[in-house]
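Before any questions on how it binds or moves, here is one chain, the form predicted alone, in C-alpha cells.
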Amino acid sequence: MMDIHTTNALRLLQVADEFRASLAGEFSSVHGISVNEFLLMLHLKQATAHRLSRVDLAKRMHVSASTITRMVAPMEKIGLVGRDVDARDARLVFVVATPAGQEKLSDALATFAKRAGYLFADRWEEDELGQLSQMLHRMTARKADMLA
C-alpha cells in the first residue's frame, strides 16, 4: 500500500499526462505547434522584456540547452521566434517571440483555456476550484519562473 504522498504525486503525474495528451492533438492540427512549443512561447511571454537566453529557457522548461536549440531551430524557420543579440555583448543571444509567434500563442491560449474548462467544469464547484488553485500555488510558489 502506498502512502498518501506517493498516491497524490502519481495522480498529479497522471492528470498532467492526460491533459497534455488532450492538448497535443488539437495544438498540432489546429495551431501547428506542439505542447512544448506552446510552453516555450508562454515562457517568453512571461519573461522580462519577453525574451530569454537558451540557457534560461532550458532551466525554466527543465530540459537541456541542446534540447532548446533543437526546439527553437524549426520555430525560427517558420517565423514563430527570432534571435535578439545583446547590445553590450554580441555573444549573448536571446530567443524572442515574433509577432506571428505572439499571435499563434494567443490563439493557442484560447484552445488551452477551453481544454482547461473541460478538465474542471463537470467535477468541481467554484469554491473547490479556488481551494485547488491555492493548494497548487503553494506547491509552485517558490519558483521564480512560474507560468501562472
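Start at 1 and count along the sequence shown; that's the residue number. All values reported here derive from a predicted model rather than from experimental measurement.
One more form of this protein exists, namely the form predicted together with the DNA; it is left out here, but the text below deals with it.
The partner is not drawn, yet in the model of the complex one stretch among 119-127, 54-62, 41-49, 97-105 has residues with heavy atoms inside 4.5 Å of the DNA: 54-62.
Each of S66, M71 and A90 places at least one heavy atom within 4.5 Å of the DNA in the model of the complex. Interface residue remark: H31 is not counted as part of the site for the DNA in the model of the complex, having no heavy atom within 4.5 Å. At the 4.5 Å threshold, heavy atoms of T111 stay clear of the DNA in the model of the complex, well away from it. At the 4.5 Å threshold, heavy atoms of R115 stay clear of the DNA in the model of the complex, well away from it. Residues are counted as partner-facing when one of their heavy atoms sits within 4.5 Å of the DNA in the model of the complex; in 29-49 only N36 qualifies.
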